[in-house]
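Have a look below at one chain only, the form predicted alone, in structure tokens format.
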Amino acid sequence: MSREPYLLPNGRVLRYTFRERLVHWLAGVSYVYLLLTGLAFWSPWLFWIAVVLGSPTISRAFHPWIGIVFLIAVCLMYSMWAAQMGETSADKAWWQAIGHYIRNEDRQVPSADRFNPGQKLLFWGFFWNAIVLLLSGLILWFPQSIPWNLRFLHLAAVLIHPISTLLTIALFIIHVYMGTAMERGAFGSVIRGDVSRAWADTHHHSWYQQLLRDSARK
């Protein structure tokens, strides 16, 4: 985590730094562009999306380059958050109480760190799928570079790329739902950067208590 003070003087808690928010939105915007253009190429019924986004030619030309932007953003998120995404002993109890979390029964959900187990799952899901999309995308981007005796890699990429994309779509839907409905107030934190102390204590109690202990030692 950064050296910025996380307990703000206005009674708020800094949830995400400006750099974290910038990288998050870079990943989000680039992913949505990739999703829309990818869907346009995947089905004739959705080809109109490519027209709306400029033209089929522009969409096809930009798709792989925006994919590089997305990968860079994912790698930056990895450098910022991977150390905080490890499984802890409290995660098992959180998963056992997932029904309470889904029903917004916050008092019955075990204490969570800065990122709860659901957010950790989403993080690693996006990270590994981004790697798969990169490798399969490179094969589709430069098919002429594949030797004839390895042409099966092209067929594999044609199958794996959309499958991995479908997995990220599921993760994306869950991510948006969690950030808007499951933890109300979370969406504002990726815009302004801060949350109320009550919100931090309710949804990420362990993290908030650690911030209080760190602040008391200063």
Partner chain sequence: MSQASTEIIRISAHAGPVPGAGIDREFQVCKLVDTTTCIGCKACEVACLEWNGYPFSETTFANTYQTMPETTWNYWNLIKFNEHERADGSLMLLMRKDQCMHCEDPGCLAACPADGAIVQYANGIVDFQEAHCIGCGYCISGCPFNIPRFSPAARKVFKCTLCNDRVSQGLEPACIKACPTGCLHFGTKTEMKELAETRAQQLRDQSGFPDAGVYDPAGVSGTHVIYVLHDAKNPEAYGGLPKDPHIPWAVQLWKKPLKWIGNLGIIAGVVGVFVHYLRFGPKVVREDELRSHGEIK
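On a predicted model such as this, the values are computed, not experimentally measured, just so you know. Residue numbers count along the first chain shown, from 1.
In what follows, reference is made to the form predicted in complex with its partner chain, a form of this protein that is not presented.
- In the predicted bound form, no heavy atom of residue 89 sits within 4.5 Å of its partner chain.
- Using a 4.5 Å cutoff between non-hydrogen atoms, residue 126 does not count as a contact of its partner chain in the predicted bound form.
- Residue 179 falls outside the set of residues with a heavy atom inside 4.5 Å of its partner chain in the predicted bound form.
- Mapping the unseen interface onto this chain, residue 47 counts among the residues with a heavy atom inside 4.5 Å of its partner chain in the predicted bound form.
- None of 140-148, 127-135, 80-88, 67-75 except one has non-hydrogen atoms within 4.5 angstroms of its partner chain in the predicted bound form; the exception is 140-148.
- Only one of 190, 29, 163, 52 comes within 4.5 Å of its partner chain in the predicted bound form through a heavy atom, and that residue is 163.
- Although its partner chain is not shown here, in the predicted bound form the stretch 81-116 places heavy atoms of 101, 102, 103, 104, 106, 107 within 4.5 Å of it, in sequence order.
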